[in-house]
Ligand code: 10E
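First, one chain by itself: the form predicted alone, in C-alpha cells.
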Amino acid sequence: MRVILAQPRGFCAGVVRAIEIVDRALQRHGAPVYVRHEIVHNRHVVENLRSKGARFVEELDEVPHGAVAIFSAHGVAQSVERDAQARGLDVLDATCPLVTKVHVQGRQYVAAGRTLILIGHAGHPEVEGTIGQIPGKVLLVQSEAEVATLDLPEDTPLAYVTQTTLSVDDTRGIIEALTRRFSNIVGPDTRDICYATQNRQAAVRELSEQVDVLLVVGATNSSNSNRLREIGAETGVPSYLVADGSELKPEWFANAQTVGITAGASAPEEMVEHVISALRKLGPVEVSTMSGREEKVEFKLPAKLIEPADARQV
C-alpha cells in the first residue's frame, strides 16, 4: 500500500501558540491552571495537557477566585472577559490572532453603521465568541439558502465576516448570494479566511486526485477537520475522519492501492504516525509526502509569558 501525506497538514500557528500558552503557564505558575473549554478541538491534546495539570472547565464560575485562567484558541465573548476581571482571575488569552482579526473587523463595520452578518456554524465556540465581541445585533448565516430568509431591505447597509475554519468554496457561495441580494454590502475577501484552512483544503483537493481512500486525522467536533473529510468525499474519494489508528476499519482498504492522509489544524503529528502504524498492521506500507506549501507563520505569545517571572514581581 502506498501512503501519501498531505502537505501542509496538522497543527497551525494558532494551535501551536495556544498549546504553548498552557504549557508555559503550567511551568510558570504550577498546576493547576484552568482552561475555559477545550484549548483546541482535539482529545489527545486536551488529555496530554490535563495530565500535566491543566483543568478544563465550561464556565468561569468553576475557576477559583484569583486563579490562572486561559481562554481557548476559539475566542470568547466580552461578557466572559468582564466575568474574569470581576473574579480577579489572572487571564491568559490564547485566542488565535486570526480570530481576533475577525473580531476587530466586525467592530469596525458596526461602528461604521452597518448591520453585521456572520457566516458560520451555530453553536461553534468561535461563532459564539465572535457574536459576543460585537456591540450590537449579529445575524448568523449558515448557508446560501438562509440568505433568502433575511428580513432586511435590499439597500440595508450590511457587512459580513466569517468563521475562520469554514470552507473557502462554501463561504464564497454565501458571499455571492449576499451580494446578489443586497446592494450595499462590504466585507473581507475570502483570502482573509485563515491561511491554514485554505492551505489544508487546497492540499486535500490535490491529494484526492492521487488516492483511492482519504483519511483525515482529527476530532469529530473540529470544524476544519470535518470540512477536509467533506472535500475529499465531494471529489468522489471514500473519505473518513478518525481520531487515531484505533478507528481504522480493514474493509475501507480492501481494494485500495493508495491511501491519502491529512490532519486537521488541531491534530498532532503523533496521531498521523499512529494511523500509519495501524495501516502497517494490514500489510507493507510505503510512505511519501506530497509537495506542497511550507508554512512559516508564527504568532507571538502573551507578553506576561515572555518576560522573566521575577520581572513581574518588581
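The first residue of the shown sequence is 1; numbering continues from there. The structure displayed is predicted, hence computed values, not measured ones.
If you look for the form predicted together with this ligand, you will not find it shown, but the lines that follow are about it.
Residue Asn221 is the only one of Ser183, Thr190, Gln210, Asn221 with a heavy atom lying within 4.5 Å of this ligand in the model of the complex. Checking His124, His103, Arg229, Arg114 for any heavy atom within 4.5 Å of this ligand in the model of the complex turns up a single hit: His124. Only one of 277 to 285, 40 to 48, 252 to 260, 26 to 34 places residue heavy atoms within 4.5 angstroms of this ligand in the model of the complex, namely 40 to 48.
The shortest heavy atom separation between Ser239 and this ligand in the model of the complex exceeds 4.5 Å.
Contact annotation: Val99 falls within 4.5 Å of this ligand in the model of the complex, judged by heavy atom distances.
In the model of the complex, this ligand sits beyond 4.5 Å of every heavy atom of Val217.
In the model of the complex, this ligand sits within 4.5 Å of a heavy atom of Thr165. Residues of 267 to 303 that come within 4.5 Å of this ligand in the model of the complex, judged by any heavy atom, do not exist; none qualify.
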